[in-house]
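Taking the form predicted on its own, here's one chain by itself in structure tokens.
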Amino acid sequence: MKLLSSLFADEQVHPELLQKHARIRWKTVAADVIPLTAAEADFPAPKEVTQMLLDQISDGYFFYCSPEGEWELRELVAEISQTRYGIRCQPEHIVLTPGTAAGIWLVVRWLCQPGDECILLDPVDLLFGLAIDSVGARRVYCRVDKNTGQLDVEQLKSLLSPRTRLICLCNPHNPLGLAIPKETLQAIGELALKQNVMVLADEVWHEIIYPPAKHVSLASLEKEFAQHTLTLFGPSKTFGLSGLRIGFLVTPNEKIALQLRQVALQLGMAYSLTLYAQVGAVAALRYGWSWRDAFVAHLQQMRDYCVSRLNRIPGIYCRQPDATYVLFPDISALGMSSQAFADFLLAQARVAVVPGTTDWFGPGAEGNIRLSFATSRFVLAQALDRIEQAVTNYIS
């Protein structure tokens, strides 16, 4: 582990390479700006992934692949779903998508019609709402307490109506960093079963968990729950592979998997799968777990460091997350809106963050900002020094 930990040392983060390759973060800001925006790692992926991709392309052939995806990968995802997450499934139950975002769109398009209602958490990542909007369905927000991390199941129950088609869960939760407790999931599963409503469980963050917190998959709790749950995950957060664009939908049964594949074909989504993303995913899932373990150890240190630093800055309160590598500090005491504070940090501290606006995270996000800490301690220290100085100057 000591040798692996060196993979996440300060010298492993190269701003000049990130400004070349990180196209929605480092490349989009001026050279003097530290971007803590997009939730992706600043570190090279596991070397086994790079090597398998190089081996794949070395002969110079770039052919189409099956729209159903490679059987080897589906078999491996089914195996890992059972052994690591307790979800009983077969390779036939696995639907591959060109990214986990595409998986959200696919489920919503398969299940929902204009006028239907979908319950989503508030705050939560913008992708759920955009997918719901795309089919003409209606967003119904279920507020999550930003300070305690409590999801009120009674409130969720009150939001159900005859038009409800889908409950969207983000577990672990982005941006609050919550690992939803087993008891809460049990109650949600019972509610979905009683109301005959499907649940989309986005679990893409399920491997970025800090002890003593634990991740629990809703579909693992009871066989009946699994029949009402579509579980979505992928290698992007776990192994630093966001740019590969590959996601895994674990479906309740083969019939639903076939229906989802048919919708993916109709949308043209299935033809966007690439062999190279699948080869990279196989390499990560077979050989990347030691890298993942060292990565999480590094992230836990960075989480603790950032939370401590942020809570020393007047006017800022940051709750310690159970999971993910994003923080969602409350800045409302400073008297600025989320967007105004993000603009202030960019102008005065040369640090870019994501504002807690409705467009990004829903109406409940106002008063917060989101920042990613999946980088080196050196980069984070620079960013936090700048933020602290800018805020101190502002309030003095």
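Numbering starts at 1 and follows the sequence shown. It should be emphasised that the depicted structure is a prediction, and the values quoted were computed from it without experimental measurement.
There is another form of this protein, the form predicted in complex with a small molecule, and it is not shown here; the text below is about that form.
**Q** Go through 138-146, 275-283, 308-316, 241-249 and give me the stretch that gets within 4.5 Å of the small molecule in the predicted complex, heavy atoms only.
**A** Careful reading of the contacts points to 241-249.
**Q** Which one of 100, 217, 184, 81 is close to the small molecule in the predicted complex, taking close to mean a heavy atom within 4.5 Å?
**A** That would be 100.
**Q** Can you pick out, from 225, 85, 291, 128, the residue that has a heavy atom within 4.5 Å of the small molecule in the predicted complex?
**A** The option sitting close enough to the partner is 128.
**Q** Answer yes or no: in the predicted complex, does the small molecule come within 4.5 Å of a heavy atom in every one of 303, 328 and 372?
**A** Zero of three within 4.5 Å in the predicted complex.
**Q** Residue 204 near the small molecule in the predicted complex, any heavy atom under 4.5 Å?
**A** Looking in the predicted complex, residue contacts with the small molecule include residue 204, since a heavy atom lies within 4.5 Å.
**Q** Can you check whether residue 174 is within 4.5 Å of the small molecule in the predicted complex, heavy atom basis?
**A** Contact with the small molecule, yes.
**Q** I'd like to know whether residue 170 contacts the small molecule in the predicted complex, with contact meaning heavy atoms within 4.5 angstroms.
**A** Looking in the predicted complex, residue contacts with the small molecule include residue 170, since a heavy atom lies within 4.5 Å.
**Q** Does residue 164 reach the small molecule in the predicted complex, with heavy atoms at most 4.5 Å apart?
**A** Flag for residue 164 set to no.
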